[in-house]
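Subsequent text provides structure tokens for two forms of one protein chain, presented individually as structure 1 and structure 2.
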Structure 1
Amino acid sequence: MTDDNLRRWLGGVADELIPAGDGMPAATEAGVAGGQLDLVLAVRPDLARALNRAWALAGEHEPAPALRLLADLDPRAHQALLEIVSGGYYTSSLVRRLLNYTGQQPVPVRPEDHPAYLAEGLLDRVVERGPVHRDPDSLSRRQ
């Protein structure tokens, strides 16, 4: 068993899970069995053991039967495989570009800007009522 064989098998399984369609690439076209696998395992090294277990258990099978076998015999390895494929796919710069996903962006909050729910009066009753909490420093301890 070599790294190339494992990557070739993972590519087949990944394309079974994420085939090309609707203008989106298949998993292997997004590099799921190549550089994206390295990226996923660098971030989640805990998945490497499960991937190796999946390979040892189902590496001799075609993709669809391999996935069924893993789901039946080793659900944790199956789940790890799904995470590796989906994680590698959706972190691919090609896929992100095609989805127009630029990642999480900071949204500055300006304290002088009041949220709309304040202008709508949703909190007026709460403001008029005033605080109803008890000061924990003034509470005595039960014995």
Structure 2
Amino acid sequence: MTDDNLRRWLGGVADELIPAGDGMPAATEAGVAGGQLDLVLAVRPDLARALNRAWALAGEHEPAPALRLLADLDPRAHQALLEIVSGGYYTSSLVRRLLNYTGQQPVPVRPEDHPAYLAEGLLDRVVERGPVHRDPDSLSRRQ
């Protein structure tokens, strides 16, 4: 499955999709064809089958034509490839650090005593405009 040749091909495709730039590393620099691929397939084994199929269909092509070919021949394999590449990239700790993205960190909720929308009177004006529902008993509604 994670044959060296496949990884080399995947790396080329991945860098075509996510090249270095704007202060961000290329996909292979983030390990998308290395350890990140192992991580992705460990949590999403369903993607392995499509990756194999993508490689079989387009493994002999250069990255750009390979992606075009897959989009035409096997959209599901193409979509899986995008998910593998972006999934590996955005689970990389290096990439997350550069994006300043911390993931699902707990932040205790503190209900505000007097939220800004109350301070600004926004809800007062909603109430002043009157009901927006129809009451079947009176059929009343603001005009």
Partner chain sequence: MEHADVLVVGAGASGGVVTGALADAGFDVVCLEQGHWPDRTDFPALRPTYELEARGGWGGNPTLRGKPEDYPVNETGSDIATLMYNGVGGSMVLYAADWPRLLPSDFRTRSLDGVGDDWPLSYRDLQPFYERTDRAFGVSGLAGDTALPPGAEFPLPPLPIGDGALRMARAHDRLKWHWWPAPNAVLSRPYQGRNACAHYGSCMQGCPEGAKASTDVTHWPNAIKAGARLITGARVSRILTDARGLAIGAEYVDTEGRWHVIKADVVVLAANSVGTARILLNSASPRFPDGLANSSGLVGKRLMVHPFANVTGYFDEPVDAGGHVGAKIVSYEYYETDPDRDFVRGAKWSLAPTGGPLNAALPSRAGNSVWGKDHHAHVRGHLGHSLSWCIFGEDLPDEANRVEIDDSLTDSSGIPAPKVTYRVGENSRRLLDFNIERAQQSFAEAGARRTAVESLMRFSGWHLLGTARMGDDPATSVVDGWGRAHDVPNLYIADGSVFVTSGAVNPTSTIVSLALRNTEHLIENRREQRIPG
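Because the structure is predicted, anything quoted here is derived from the model rather than measured. Just so we're on the same page, residue numbers count up from 1 along structure 1's sequence. Think of the rigid core as the biggest set of C-alphas that the two forms share within 1.5 Å after superposition.
Participant: Return 1 or 2 according to which structure is the form predicted in complex with the partner chain.
Facilitator: The form predicted in complex with the partner chain is the one given as structure 2; the other form is structure 1.
Participant: Would you say Asp22 moves between the two structures, meaning its CA shifts by 2 Å or more once the core is fitted?
Facilitator: It does not reach a 2 Å shift.
Participant: Aligning on the rigid core, what is the distance the CA of Gly130 moves between the two structures, in angstrom?
Facilitator: C-alpha displacement of Gly130 between the two structures: 16.4 Å.
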